[in-house]
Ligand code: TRH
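Below you'll find only one chain, the form predicted on its own, shown as structure tokens.
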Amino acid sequence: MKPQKIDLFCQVVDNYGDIGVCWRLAQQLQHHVELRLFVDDLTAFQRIEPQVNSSATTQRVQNTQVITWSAAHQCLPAPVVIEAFGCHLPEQYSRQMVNQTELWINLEYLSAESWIESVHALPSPQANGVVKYFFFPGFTTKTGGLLRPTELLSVTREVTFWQRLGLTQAPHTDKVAFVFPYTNAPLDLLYQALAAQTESWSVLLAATAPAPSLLQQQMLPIYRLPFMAQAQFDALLDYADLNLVRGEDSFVRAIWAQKPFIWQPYLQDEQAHLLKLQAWLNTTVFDAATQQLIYQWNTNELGLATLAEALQQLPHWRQQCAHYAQSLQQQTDLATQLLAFCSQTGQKTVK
């Protein structure tokens, strides 16, 4: 029997990726189960979902009941509990799970490393007597799959679209690049390469991106965007001709946009992020030149000529991205796999 009630826990640790992923998952699960989403930072949540009241202890957003982390002790645990990214459940809530919860899932961070296939969905008995299962999103059929939008947005260059992004006027160029990087991205190189193209380019710069210098602003039009809600962010990824993204949430969504993109993983000690990057590149259908471009973007070894050549071959790059997304669409998505796992793994009928 499919689960009827699920509690999903999310702590906002760094930026908005954690709540971004959890809200995407919640919006898909809410159509199938009675869902409660526990969040420790409603202010961050409100920034990506304007319907959220940051001062409400309990509220309903779409078909999901949103509850503050501090109020979790007042709630009887659901039969299925999903703990996102090892966020460590509130202590009193965890103690009550022994008599209420039949399935406890730790939704892990996304990775393409091969070792996750061997540990995906493995059980781990916990101190409160409930078995926890580790669920790994991934890029192969031996993992939990990827969050996937039910439909892509139809985006046109209308005045209302730009107004929703907070811009007073639309860029008057042939192409647009959306830039959402970490601070160590080689942006000067990007701006030089875009400015040198035969077709004219504009840059839509995310609110959190480093401010452009006066010289960079003289190279090409650069529009600083305000902070955007998740739906606006997605529309922009679908619209742009080139996406420069970071982290996990925007990375996966950029894949589904089927536009040329460069991913910048979160910087880690001992260059661990480069191992994750290479592991992902090995799963793609990208040619050697595209893989090298994305890898060198993250090592500051990228040359101007290499980037300029990639931009000149933009239709080929776009074709590769579309092919890659279409190949991943053949796999079962994360939300569907989670529901199926709950149905198959619960120790007794979930009520």
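Residue numbers here begin at 1 and follow the sequence given. The structure presented is a predicted model; accordingly, all values stated were derived computationally and were not measured.
The same protein also exists as the form predicted in complex with ligand TRH; that form is not shown, yet it is the one meant from here on.
- Residues within 4.5 angstroms of ligand TRH in the model of the complex, judged by any non-hydrogen atom, belong to 180-188 and to none of the other stretches in 180-188, 86-94, 138-146, 210-218.
- For a residue to qualify, one of its non-hydrogen atoms must sit within 4.5 Å of ligand TRH in the model of the complex; none of 79, 134 and 341 qualifies.
- Comment: ligand TRH is not present in this chain, but in the model of the complex one of 281, 75, 228, 195 has a heavy atom within 4.5 Å of it, namely 228.
- Interface membership of residue 259, defined by any non-hydrogen atom within 4.5 Å of ligand TRH in the model of the complex, is ruled out.
- Using a 4.5 angstroms limit between non-hydrogen atoms, residue 233 touches ligand TRH in the model of the complex.
- By the criterion of a heavy atom within 4.5 Å, residue 9 is excluded from the residues contacting ligand TRH in the model of the complex.
- Although the partner is absent here, residue 161 lies well away from ligand TRH in the model of the complex, with no heavy atom inside 4.5 Å.
- Residues 14, 15, 16, 17, 18, 20, 24 are the ones in 5-30 with at least one heavy atom within 4.5 Å of ligand TRH in the model of the complex, listed in sequence order.
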